[in-house]
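Next up is one chain by itself, shown in structure tokens, the form predicted on its own.
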């Protein structure tokens, strides 16, 4: 027996895909993904229209989808993140139905609960056997963790594996088992693994970034959370990586061993594991090829599903045991609400991803951002779009000082006692306005083009057409 079929067209036909249905994709190949475009092109060639595209994230490699929106093949999008190039096009209101933005934890919760239904899931798999046991750890297109594909494979009516590396059956070290898979398609190439690299993946050398990173590490040290068993998440931006480097130096000097580090895993997190700073890495997504190799070879580096990472519907998850998370921001307002969906003009250029999930779960949520970016203050009276609510944000670290959420009086006192430059957020805003002038930004008034859902599926904000 074999689930192998000749090509994508045969798989789509066998799945019974029709007008008005929903198809899904994961984003572990990130800006190197070839599968989404290939599938949508084939659907268009077959004359199928009015498709709802349910992708965990969309990157600029997916710009060809714009033409399929214009010709009516794609009429809806559900996702957690949209990169700048695609977002700029969608901000013009070209999509028939409003985009649905979820979080990385909210997406699997909605899929598994049935609130969000998938007719056919297309799962890019760097390695598969003939029955559909799959992994992302091996193969010429290895991307590491397949954490965001688990819910799709579990719950879609039909599941198609698309791979460029067929191995002998049965695959023994699989991530997703054959029990979830209907068909397997072998193609020449599912993507370019170098395209999975996210963020700068290099520690910043910018003096402003280094000042912020130093402050961030000192905030963690002063918080009382940095002790044996400490858990941590950070991103792949240059300042965040620098903060992780400074934190590593503190942990090694004070002989502190944390329990786990998680999030999008980079080589810097792998280095912290190998140096003994953490007992394990919990990996829902690899952000560089060093992380892919580590997941393949180190048993302390564990693959986890998006549900395990951050779903609010499960009995326990990793974000709810998190001590500290370092996050970024496009904007933050004086109530500590954070925007990572749009720029200050309202143009889509991101999404929550795991931002609001980690902020809700962590004991200490830290936003690290320069006071001014491109001659615009990062601090505003009201963010253009609320991605993460202010009651889940504790600290804003800038190069000009550290603002503490008024709800966190004990933390404010600890940081002051440590000699850190604690500043009221309104005073930070005044500093920014004195540098670049007070911005007069009005929210867009066009039609609603996106509904932003919080991790519990409630509507937290909307985005309007530019």
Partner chain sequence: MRRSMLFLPGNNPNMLINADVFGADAVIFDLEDAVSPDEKDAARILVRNALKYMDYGNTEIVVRINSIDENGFWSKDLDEIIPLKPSMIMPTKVTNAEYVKKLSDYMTAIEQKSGIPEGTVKLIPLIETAMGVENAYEIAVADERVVAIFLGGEDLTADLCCVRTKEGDEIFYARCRMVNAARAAGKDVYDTPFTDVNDDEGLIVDAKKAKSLGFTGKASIAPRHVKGINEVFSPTQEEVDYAYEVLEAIETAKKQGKGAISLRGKMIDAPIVLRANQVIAAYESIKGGSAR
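All values reported here derive from a predicted model rather than from experimental measurement. Numbering follows the first chain given and starts at 1.
Just so it is clear, the following notes concern the form predicted together with its partner chain, a form of the same protein that is not shown.
- Checking 206, 271, 228, 157 against its partner chain in the predicted complex, a heavy atom within 4.5 Å turns up for just one residue: 206.
- Scanning 137, 218, 88, 248 against its partner chain in the predicted complex with a 4.5 Å heavy atom cut-off leaves one residue, 218.
- Contact between residue 214 and its partner chain in the predicted complex is found at the 4.5 Å heavy atom cutoff.
- Taking non-hydrogen atoms only, residue 431 approaches its partner chain to within 4.5 angstroms in the predicted complex.
- Using a 4.5 angstroms threshold between heavy atoms, residue 435 counts as touching its partner chain in the predicted complex.
- Taking non-hydrogen atoms only, residue 68 never approaches its partner chain to within 4.5 angstroms in the predicted complex.
- Looking at 397 to 405, 422 to 430, 29 to 37, 54 to 62, the stretch with residues near its partner chain in the predicted complex, meaning non-hydrogen atoms within 4.5 angstroms, turns out to be 397 to 405.
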